[in-house]
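We begin with a single chain expressed as structure tokens, specifically the form predicted on its own.
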């Protein structure tokens, strides 16, 4: 009788433990026994390792933990060959003069006029679609409109308020003739008073916002994805 009682009690306790280890959350593994033994906690890139769980290491508090990846390192962007190609390192280098004007330090610089060379890049790195135009509009509104204006005429709030000047009108004929490559180079490295945006937007996003800028410059671009260079109609 005593052995049976112990046996059934053990089964009951095991059943209760198994039941309570379950969770209604489909993404939860439930109650685990010492999970750190077989699944190590992920390293967090921006954690101050000088103070972890209340333990302070004075030596680590003065060391950088988030380091810049080595030069020519290429992040993994999946298996989409078009996306991978788009995100490869940019083939044009910043001009040597930009070291002083745009604060480009510890970088390979070119003595050539890379902006002019970029004029040959006439094909946008991201395929045109209506969804791309929609995404480009969101990026433009958040990152560009405050200076370049809603219509791309250079009359954004930063300009009309008097806080900033010298922003070009990209709906003018001479500005419309810029190639996609020149626009990319200008956004990526910066041009004139505009700083580099490569730390704010990745290459895919830059190409995407260029599609939207084209839709501002050419009234039919948002539908066709093609530029009619004779069309100087401004979007209203």
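No experiment lies behind these values; they were computed from the predicted model shown. Numbering follows the first chain given and starts at 1.
Not pictured, yet referred to below: the form predicted together with ligand HEC.
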- Any of the heavy atoms of residue 70 lying within 4.5 Å of ligand HEC in the predicted bound form? no
- Message: Considering non-hydrogen atoms and a 4.5 Å limit, does ligand HEC approach residue 175 in the predicted bound form?
- Response: yes
- Taking 4.5 angstroms as the cut-off for heavy atoms, does residue 203 touch ligand HEC in the predicted bound form? no
- Query: Taking the shortest heavy atom distance, is residue 207 within 4.5 Å of ligand HEC in the predicted bound form?
  - Reply: no
- Select from the listed residues 77, 90, 128, 164 the one whose heavy atoms reach within 4.5 Å of ligand HEC in the predicted bound form. 164
- Query: Taking ligand HEC in the predicted bound form as the reference, which of 132, 147, 98, 118 has a non-hydrogen atom within 4.5 Å?
  - Reply: 147
- Query: Relative to ligand HEC in the predicted bound form, which residues of 166-194 have a heavy atom no more than 4.5 Å away?
  - Reply: 166, 167, 168, 170, 175, 178, 182, 183, 186, 187, 191, 192, 193, 194
- Query: By 3 Å or more, the Cα spacing of residue 183 and residue 102 differs in the predicted bound form; is it closer or farther than in this view?
  - Reply: closer
